[in-house]
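The chain below stands alone, shown as structure tokens; this is the form predicted on its own.
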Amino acid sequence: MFLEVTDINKTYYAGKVPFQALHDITLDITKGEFTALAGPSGSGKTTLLNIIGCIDKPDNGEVFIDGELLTEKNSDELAFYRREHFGFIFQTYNLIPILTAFENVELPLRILKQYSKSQSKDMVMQILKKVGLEGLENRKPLELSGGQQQRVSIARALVKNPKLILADEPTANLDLETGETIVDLMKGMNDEDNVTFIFSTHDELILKHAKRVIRLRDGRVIN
């Protein structure tokens, strides 16, 4: 099994008032899935996505990827694992405004320090071409449309060939036509390259294309 989540619980506190965001979550994801975590606001889907992505830690329970136990790692080890193995796509794009599209996509490779300058350039140009941004690599985010900025975000997530892409409401700020284009792009990468995607979403557009939908309500898996 590629990803195993077992008996995950997570409680937050507003002052002294506890709020249990996740209750005994258990699920498995196989390599190459195109899976959506679905549910209304407050259902726990983003919390679960963040725990899978090592952005947050559960109160108890276990997360394994390729047999490696993540929930026993410390903060520095989790940061290293996240940097090495995950790609993140956010609804607000999270691009650096003073950097060009090329530089935004190149940034994860510069952080990894595993590639020469020429290797990085080739990798970035290849992924920009794949997401349909060839010729726009020198534009900064504010010189791009919302859909183009999301393509840059997707390219940045994919450029280092991560084990897993985690996408938090990636179509929330896009119009319907652009959202369809972005979903088709990600679906094509999933079909052609066996890239594993997990979405947090309530967008019917993504749910329609997902190979599997895991529905949450009040912090519990209901279907």
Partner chain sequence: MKFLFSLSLKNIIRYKKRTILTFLILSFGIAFYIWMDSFIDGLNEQSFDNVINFETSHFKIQSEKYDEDKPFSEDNFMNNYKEVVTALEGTDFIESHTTRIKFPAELDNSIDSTPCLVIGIDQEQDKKVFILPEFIEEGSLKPGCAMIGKKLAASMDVKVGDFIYITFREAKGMFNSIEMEVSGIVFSPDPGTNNSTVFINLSEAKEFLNTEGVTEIAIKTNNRDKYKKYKVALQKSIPDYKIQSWIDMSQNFLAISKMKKKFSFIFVYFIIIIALVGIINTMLMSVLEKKREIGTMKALGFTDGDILKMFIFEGAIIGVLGSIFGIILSIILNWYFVEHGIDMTTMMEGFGTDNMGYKIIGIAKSTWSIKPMINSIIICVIASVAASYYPAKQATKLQPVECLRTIQ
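From a predicted model like this one, the values you see are computed outputs, not experimental measurements. Residue numbers count along the first chain shown, from 1.
There is another form of the same protein, the form predicted in complex with the partner chain; it is not shown, and what comes next is about it.
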**OP:** Consider Leu27 of the chain shown here, and say whether it contacts the partner chain in the predicted complex, taking contact as heavy atoms within 4.5 Å.
**Re:** no
**OP:** Using a 4.5 Å heavy atom cut-off, state whether Pro97 contacts the partner chain in the predicted complex.
**Re:** yes
Original post:
So in the predicted complex, does any heavy atom of Glu169 sit within 4.5 Å of the partner chain?
Top reply: no
**OP:** Find out whether any non-hydrogen atom of Lys187 is located within 4.5 angstroms of the partner chain in the predicted complex, and reply yes or no.
**Re:** no
Subject >> Segment that reaches the partner chain in the predicted complex - one of 33-41, 51-59, 194-202, 179-187, heavy atoms within 4.5 Å >> reply: 51-59
Subject >> Sequence-ordered list of residues in 106-144 near the partner chain in the predicted complex, where near means a heavy atom within 4.5 Å >> reply: Leu107, Arg110, Ile111
